[in-house]
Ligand code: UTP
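What follows is one chain in structure tokens, specifically the form predicted alone.
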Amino acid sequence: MEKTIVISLGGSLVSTDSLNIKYIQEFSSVLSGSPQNLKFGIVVGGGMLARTYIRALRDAGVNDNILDEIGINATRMNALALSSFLDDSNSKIPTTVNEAAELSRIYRFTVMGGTEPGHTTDTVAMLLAERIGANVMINATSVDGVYTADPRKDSSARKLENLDYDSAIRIAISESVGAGPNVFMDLTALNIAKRSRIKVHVVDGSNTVLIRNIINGTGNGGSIIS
């Protein structure tokens, strides 16, 4: 029986000062080497590509709606770059979750970026998981899990290996005040996970071994929200 896993792939992993080809190759190798009964939906963030354009255009007075569109197009560029390293993957990047859901019937790997202003790629990934009936979402991000407090500011902060949806939502609310790059997931995505009982793995995406272990069910290394 086929099982589908959705991965929200942080843009900072794919797009740094330039396109991180080495990481894309490692990540693609992990997915390609996974058990054949697994299918994947992958939603890619914008990373430095998006931030570079948005920063320059904001300084020039461009309005936020256009900046959102710029960011979305950056995610789709990163998604197309990733899909070119995966066999049995879509070569046309979908612009909606419904389009991605249709493509997932055809391909083993369905890769997409953002969809519309106001939706983060975490939210898009969770909507895709909900739409196609995936019960696992891996948030491969720049932080290594969910902490009781910001570990950069509180030396007593500890990483939580397991927590429930409500606890994750409370922590996300507290972290979203003055939000920075280390917020583990946005509130909309967490609420979608809660309503559809989608298990979320929050993991340091730069370590592809951890991603492989989660896929194979042999370990976690981050935090599990369920």
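In this text, all values refer to a predicted model and were calculated from it rather than measured experimentally. Each residue number is its position in the shown sequence, starting from 1.
Beyond what is shown, the protein has a form predicted together with this ligand; the following relates to that form.
- Proximity to this ligand in the predicted bound form, taken as heavy atoms within 4.5 Å, picks out 47-55 from the listed stretches 160-168, 197-205, 47-55, 30-38.
- Just one of I72, L86, L80, L103 comes within 4.5 Å of this ligand in the predicted bound form, counting any heavy atom, and that one is I72.
- Interface membership of M137, defined by any non-hydrogen atom within 4.5 Å of this ligand in the predicted bound form, is ruled out.
- Using a 4.5 Å cutoff between non-hydrogen atoms, V146 does not count as a contact of this ligand in the predicted bound form.
- By the criterion of a heavy atom within 4.5 Å, L128 is excluded from the residues contacting this ligand in the predicted bound form.
- This ligand is not shown here, but in the predicted bound form it comes within 4.5 Å of a heavy atom of E116.
- Residues of 129-157 include none with a non-hydrogen atom no more than 4.5 angstroms from this ligand in the predicted bound form.
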